[in-house]
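Take a look at this one chain, the form predicted on its own, written out in structure tokens.
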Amino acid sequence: MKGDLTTLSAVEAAQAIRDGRLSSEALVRACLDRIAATDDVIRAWAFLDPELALVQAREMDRIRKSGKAVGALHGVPVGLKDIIDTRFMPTECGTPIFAGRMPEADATIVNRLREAGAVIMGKLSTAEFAYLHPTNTTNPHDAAHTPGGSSSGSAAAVAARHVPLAVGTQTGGSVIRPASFCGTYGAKPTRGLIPRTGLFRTSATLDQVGGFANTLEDMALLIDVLGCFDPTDPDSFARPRPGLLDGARATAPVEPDIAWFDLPFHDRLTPDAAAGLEAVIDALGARVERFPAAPQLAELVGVHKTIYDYEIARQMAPINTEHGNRVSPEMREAISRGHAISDGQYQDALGVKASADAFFTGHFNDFDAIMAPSASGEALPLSDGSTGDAVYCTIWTLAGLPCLTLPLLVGDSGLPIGVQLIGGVEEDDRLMRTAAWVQRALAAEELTEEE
């Protein structure tokens, strides 16, 4: 195949490899060349072994040529957030405390990727223990700005076209926000759809796996590949999973109904983000219904924080005891807050969370999706020392709802701003179908304006 292979989508690349029009080795070499040319500035990669990547690619090519079965991502390069265990690569979780750590086994989702024929390119930078302390990764659109956190390297690598797909995790807003900042698609599916066995955990209740891609179909395909039942993860469910790629390719039988909640923290939006979101709502017209948010809905942000701080303090206790002087100030503060939360307060928060789960189950009987900001606006300057505000994601993460950010807007400085869609539990395919409708509706509206 001619042209820049790094511009191929994962769906296109996988099909071309299956057809014999493209070799995995050629695609991986193109990605490695792209990384070599740009990563000295972007710094997305925590670990990269080019020869190991090429060995995997050659094996995928050998399998295809032998006439054996090929997988849904056969020969396609994928990057992993560096909290995901890999047997033949270090997993350091963004901290010198784990320098050189070599896991004994692959995480369940790594096994899923290998089964699908993916080439595991390497490990992508993450905030320390997937929390708040920033990495040195920069935004591919402007190196003076943050790519977001904590899945910073995963978002940056996809935006820079180092790989067509990358895996991240979200406990607050660590997939949706960096995807918004870097101008990619980002998705966190229903809690329990993707198993977490073999990932570093900070919150048993809130940690969820997600991913990054440059097209809606690629995003759906990645989630389909990663999803499976794993009895060693208590949140993993043993029943059929929705087909996200089928959803992304489907035509909605009727125009979807979308809800927008006027939450009190929307005053944190930058003017360009607020204006862009209003323009999207106006363009979709009667399909979007606005609601004043009940105080209980906004209070879920505090419920999320209570659960997160309580669980991270206990999860990090052994590391903090042994390496407290090497843990970041942000993590030490979280541990301190968590230890101040009583068992009773924690149980109360879990009870409120259960009530929220029930509320949203009823809500999606009437609506196909909720629309919300993905982030407060454009990516912040690195000089701010922050990866951004997760407040626009925490409610949906708390409830375990499937979330998707679409790269629809551009801010005043020319940086991307995403628009978030949230769906009902285990209705991830319906969310993808709604997202595809939104994209088509906005494209048609734009075409009409141009005419």
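Since the structure is predicted, the reported quantities are computational estimates derived from the model, not experimental observations. The first residue of the shown sequence is 1; numbering continues from there.
Beyond what is shown, the protein has a form predicted in complex with another copy of the chain; the following relates to that form.
Engineer: Please identify the residue among 39, 61, 426, 389 with any heavy atom within 4.5 Å of another copy of the chain in the predicted bound form.
Structural biologist: Contact check passes for 426.
Engineer: Going by heavy atom distances of 4.5 angstroms or less, which of 115, 299, 142, 348 would be at the interface with another copy of the chain in the predicted bound form?
Structural biologist: Checking each option against another copy of the chain in the predicted bound form, the one that comes within 4.5 Å is 115.
Engineer: Looking in the predicted bound form, any heavy atom of residue 242 within 4.5 Å of another copy of the chain?
Structural biologist: Looking in the predicted bound form, residue contacts with another copy of the chain include residue 242, since a heavy atom lies within 4.5 Å.
Engineer: Taking another copy of the chain as it sits in the predicted bound form, is residue 383 in contact with it (heavy atom to heavy atom, 4.5 Å or less)?
Structural biologist: Close contact is absent here: in the predicted bound form, residue 383 is far from another copy of the chain, nothing within 4.5 Å, heavy atoms only.
Engineer: When the contact criterion is heavy atoms within 4.5 Å, does residue 256 count as touching another copy of the chain in the predicted bound form?
Structural biologist: No, residue 256 is distant from the partner.
Engineer: May I ask you to check whether residue 99 falls inside a 4.5 Å heavy atom distance of another copy of the chain in the predicted bound form?
Structural biologist: It does not: once another copy of the chain is placed as it appears in the predicted bound form, residue 99 has no heavy atom within 4.5 Å of it.
Engineer: 63 to 71, 50 to 58, 25 to 33, 397 to 405: which one contacts another copy of the chain in the predicted bound form at 4.5 Å, heavy atom to heavy atom?
Structural biologist: Going through the listed ranges, the match is 63 to 71.
Engineer: Which residues, if any, of 211 to 231 lie within 4.5 Å of another copy of the chain in the predicted bound form when only heavy atoms count?
Structural biologist: Sequence-ordered list: 228, 229, 231.
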